[in-house]
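Shown here is one chain on its own, the form predicted on its own, set out as structure tokens.
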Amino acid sequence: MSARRPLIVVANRLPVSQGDDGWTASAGGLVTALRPVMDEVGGAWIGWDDNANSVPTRVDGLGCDLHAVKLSRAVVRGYYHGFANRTLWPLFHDLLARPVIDRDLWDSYLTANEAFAEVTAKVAADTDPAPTIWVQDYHLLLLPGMLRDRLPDARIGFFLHIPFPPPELIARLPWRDQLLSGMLAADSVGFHTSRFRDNFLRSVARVKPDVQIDGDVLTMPDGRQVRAVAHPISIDAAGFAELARSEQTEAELADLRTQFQGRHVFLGVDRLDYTKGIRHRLDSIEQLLDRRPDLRGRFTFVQIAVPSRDDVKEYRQLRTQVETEVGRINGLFTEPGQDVPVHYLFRAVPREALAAYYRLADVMCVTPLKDGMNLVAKEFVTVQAATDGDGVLLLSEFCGAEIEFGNDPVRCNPFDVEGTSLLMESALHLDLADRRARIQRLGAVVREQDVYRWVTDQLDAAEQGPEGS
């Protein structure tokens, strides 16, 4: 592969946060993976921030310039809280909630994407040599098209971090043609799985019959070619393995083992989102405790629910529903003088504490109703494998990680609450040697396909084009 071009990453948010000590780099997986590339070739990161006027050009730990996109509060409400998360998010997650079809929200989405395009085109024009522009996720589906209009010869990659739905669902969007045209303006369009990629190809075939499709290469009416690729996102496996063995994680784990001594520990770690299946999971836990009274007092389910999108009505309602369910289950199954069976933490936890919970868990419940990938599953198996653990991964068949992991997890259908409950019970009784062998194989999958491999694959696809030129 030839030397990399400078890189411009465009995402909804900037990879920085402002605290009492000033601006610092975020600790996300994408940021971590891109640091070596940015340090080598340079570049920029473009995103929206609440305090756009005060964002610095540079932050320690990031080898790129920061460019903040300014959006009014009204546009943010319509674009982010509205069209992105009340229209696209539920539709792309198989209608788990009813999508809102509203032209005012669409207008805000257009306005926001135009604002991103103006900033990105200016930064790209000032970058020498010509950069690769890498657009991220469903917030910016129109952006590749807007950039192609402004920069006809630009190298543009796009990656969708959530599922892409089948054509029957895309057809419900009044703006399906515009959204697909926006994506098709990229040189490569990336998805987590071949299933999501094929949904995209079938949607293009249905909505845009003038586009020729040959395998994963699409030829536009003007002759320009686009490649649709399937590259599963991953984590910094080496970093998580090191975290799993750190002194601080060991100290956190010692406290947890004392707290939950003598109990089977099940764990859930999710953003509080209706796609994650938390309510279905709680129903399965309730059935398990009802069916197995001998587990009461010897069983704990820890649910870490990271706050998410509190400005969206559906998410506020979900929080109330989940907390009501937790209280009801604890009321039903708490024995006199015993601890409650469900520990509910509505907050993010520090990385060392999270790794300690991963090490503690006998069964990790990753049971989304629909998910693009689910990195929690990869974090869990990496931490367990790095410490010779024997935890069991209970994994939904409706998330992208299921395809990579094969039959080593205990696979479940989270919509089948009783069936999932029975699988939870069976996970407790798997042979010890079998559990350890499974977790080592799962850890090896993540090590071989880590986040650095994902970044390389994505940038190669964008820079080389359909013909590898």
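Numbering starts at 1 and follows the sequence shown. Every value quoted in this text rests on a predicted model; they were computed, and no experiment measured them.
Although not depicted, the form predicted in complex with adenosine-5'-diphosphate-glucose (ADQ) is the subject of the following passage.
In summary, among the residues Y80, W89, F299, Y315, the only one with a non-hydrogen atom within 4.5 Å of adenosine-5'-diphosphate-glucose (ADQ) in the predicted bound form is W89. A heavy atom within 4.5 Å of adenosine-5'-diphosphate-glucose (ADQ) in the predicted bound form is found for one listed residue only; from P131, G391, G372, P144, this is G372.
Using a 4.5 angstroms threshold between heavy atoms, R271 counts as touching adenosine-5'-diphosphate-glucose (ADQ) in the predicted bound form. Taking the partner from the other structure, adenosine-5'-diphosphate-glucose (ADQ) in the predicted bound form has a heavy atom within 4.5 Å of a heavy atom of Y358. Although the partner is absent here, H192 is a contact residue: one of its heavy atoms lies within 4.5 angstroms of adenosine-5'-diphosphate-glucose (ADQ) in the predicted bound form. Although the partner is absent here, R257 is not a contact residue: none of its heavy atoms lies within 4.5 angstroms of adenosine-5'-diphosphate-glucose (ADQ) in the predicted bound form.
With the partner left out here, adenosine-5'-diphosphate-glucose (ADQ) still marks one of 68-76, 373-381, 103-111, 175-183 in the predicted bound form; by a 4.5 Å heavy atom cut-off that stretch is 373-381.
If you check adenosine-5'-diphosphate-glucose (ADQ) in the predicted bound form, you find no heavy atom from any of V322, M364 and C412 within 4.5 Å. The partner is not shown here, but in the predicted bound form the stretch 338-360 reaches within 4.5 angstroms of adenosine-5'-diphosphate-glucose (ADQ) through a heavy atom at R347, A348, V349, L354, Y358.
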